[in-house]
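Okay, so here's just one chain, in structure tokens, the form predicted on its own.
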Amino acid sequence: MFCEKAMELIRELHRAPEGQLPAFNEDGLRQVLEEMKALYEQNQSDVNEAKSGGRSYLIPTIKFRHCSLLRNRRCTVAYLYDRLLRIRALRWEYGSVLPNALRFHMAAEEMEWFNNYKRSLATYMRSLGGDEGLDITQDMKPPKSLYIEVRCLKDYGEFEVDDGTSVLLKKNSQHFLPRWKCEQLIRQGVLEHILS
């Protein structure tokens, strides 16, 4: 059936919850590209027949195949673009290091794109705010207070605060720390924000 494989790629993304990245469907994408190649070759032979043999009754079939080609292309580009948007959102959510479970769902080219995006974002952040740069990935939501109470979920080791003091982050220990210093560790699953 025309365009069924391409539509299945789109349905697969639609079924995935927002903020999650389904596994890259290389087989599905390959099948769509093979279908597109077959449609193109059929169109080429029919166009040559219509031109040389004067078979104008082939024109509606050629137009139908061409529309199928365009639809397959749109679906393929939409699939790849949506995946890139999800991968970009993962950089803002998890930071520069992705969990292995997410890396497993990415194609090699997507991993390369993620690394290039990560480098570009880091270069941009270093260019802001003088010598130290400005981390624009912090405080994704405006904070209500500058300090928060956190519980350590894993043994992390020494953690240095702005005033030069060090805090030992051990499993199940609780601390009152600056929000902006903790946000990255909260996203990585090292700390948990305690809501009072």
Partner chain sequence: MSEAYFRVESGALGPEENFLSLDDILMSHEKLPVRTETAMPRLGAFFLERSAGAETDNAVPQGLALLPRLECSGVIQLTAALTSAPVILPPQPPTWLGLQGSKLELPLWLAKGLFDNKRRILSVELPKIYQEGWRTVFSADPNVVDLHKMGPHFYGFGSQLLHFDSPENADISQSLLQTFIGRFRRIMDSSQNAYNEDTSALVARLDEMERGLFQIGQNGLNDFQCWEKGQASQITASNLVQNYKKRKFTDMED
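Quick caveat: nothing in here was measured; it's all calculated off a predicted structure. Positions refer to the first chain, counted from 1. Just so we're on the same page, rigid core means the largest C-alpha set that superposes within 1.5 Å between forms.
From this point on, the text means the form predicted in complex with the partner chain, which you will not see here.
Q: Are Gln44, Arg126 and Leu134 jointly within 4.5 Å of the partner chain in the model of the complex, each by at least one heavy atom?
A: No residue of the spot touches the partner chain in the model of the complex.
Q: Just to confirm, with a 4.5 Å cut-off on non-hydrogen atoms, which of Gly54, Pro142, Gly157, Gly164 contacts the partner chain in the model of the complex?
A: Only one option qualifies, and that one is Pro142.
Q: Which listed residue (Ile148, Leu29, Leu169, Met36) meets the criterion of a heavy atom within 4.5 Å of the partner chain in the model of the complex?
A: Filtering the options by heavy-atom distance leaves Ile148.
Q: Taking 4.5 angstroms as the cut-off for heavy atoms, does Ala89 touch the partner chain in the model of the complex?
A: Yes.
Q: Test of understanding: in the model of the complex, would Tyr94 fall inside 4.5 Å of the partner chain by heavy atoms?
A: Yes.
Q: In the model of the complex, does Val77 come within 4.5 Å of the partner chain, counting heavy atoms only?
A: Output for Val77 is yes: heavy atoms within 4.5 Å of the partner chain.
Q: State yes or no: in the model of the complex, is some non-hydrogen atom of Leu121 no more than 4.5 angstroms from a non-hydrogen atom of the partner chain?
A: No - in the model of the complex, heavy atoms of Leu121 and the partner chain never come within 4.5 Å of each other.
Q: Any residue of 168 to 191 with a heavy atom within 4.5 Å of the partner chain in the model of the complex counts; write them all down in order.
A: Those in contact are Arg179, Glu183, Ile186, Arg187, Gln188, Gly189.
Q: Leu21: after superposing the rigid core, is there a C-alpha shift of 2 Å or more between this form and the one not shown?
A: Shift at Leu21: below 2 Å after core fit.
Q: Does Leu128 move its CA by 2 angstroms or more between this form and the one not shown when the core is aligned?
A: No, the C-alpha position differs by under 2 Å between this form and the one not shown.
Q: Taking the rigid core as the reference frame, tell me whether Ile59 has a CA displacement of 2 angstroms or more between this form and the one not shown.
A: No, the C-alpha position differs by under 2 Å between this form and the one not shown.
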